[in-house]
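One chain comes next, on its own, written as structure tokens: the form predicted alone.
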């Protein structure tokens, strides 16, 4: 039995909004990850079970290791098909915003999202949601947006509408946003949900293999390069850093998603509880932060890189050069010694 986390008034408003609308758009953040795609497709499958016309639109391409997901081939990628996506936005009478807390996270799709007169429903688990949606279902204590989608469907009394395909998408989102249930996943009810999804026919082990153990040759070589050549360990601060330039990424024929999971690798080193991956992009440095125990990765992301997230998994951006960003990180490490000492 799951606790009724989502407030009753929100459940009622959500149910009513879905009941009276027919053309529904589901959007997620730029650089969509497993939870963004998983929660969006799970909701898409559910809405189709209700007889609704639904369409998932994401700002940019998602990693190829998510291509297998049921319904993935129907997703519109805004940067590749803007005209088609804009037409869908114009016809929408309801928009779901999943797995992001502010419109800027949809990047170049922001104007299309905000200019649409359709009412908006936010379902997310990140801190400090903006007030751009009429219904806000925001619970940062929940492990993933996919878990929230499962809970929302159940709270509306529609567990029977969760098909195997929908369940596979939920499992994928929950699994990826917890690193295969290795962080941010210590709440017992997560495993109640997993049990229900498996009862519906989900093969958890197969999903894990597809998401975490299906690498291209180039991706595997890149991972090895990161550990052997690029990883810097700072024993005094129990931290590790991997910083990748665009030139280095191009040597390994980088594709979206190829660095997924690399930030977690240094955490397997004895004594390292904080890991950072910096990846140079065309106009910024993308930064992923992971930690173990009570070390606040989200605080570092907020303090240094204008980002945020969860205690053990966060992200941010830098508009300096890669070298300047690395130097800023190194210079700031002493500021977080107090959090290390609290765990000793």
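Computed from a predicted structure; not experimentally measured. Numbering follows the first chain given and starts at 1.
Absent from the display: the form predicted together with a small molecule. The rest refers to it.
Every residue in the set 307, 313 and 316 has a non-hydrogen atom no more than 4.5 Å from the small molecule in the predicted bound form.
In the predicted bound form, at least one heavy atom of residue 33 sits within 4.5 Å of a heavy atom of the small molecule. Heavy atoms of residue 120 never reach within 4.5 Å of the small molecule in the predicted bound form, leaving it off the interface. The small molecule in the predicted bound form is approached by residue 288, whose closest heavy atom lies within 4.5 angstroms of it. At a distance threshold of 4.5 angstroms between non-hydrogen atoms, residue 126 is in contact with the small molecule in the predicted bound form. Only one segment in the set 316 to 324, 330 to 338, 6 to 14, 20 to 28 has any non-hydrogen atom within 4.5 angstroms of the small molecule in the predicted bound form, and it is 316 to 324. When the small molecule is considered in the predicted bound form, only one residue from 105, 238, 155, 219 comes within 4.5 Å through any heavy atom, namely 105.
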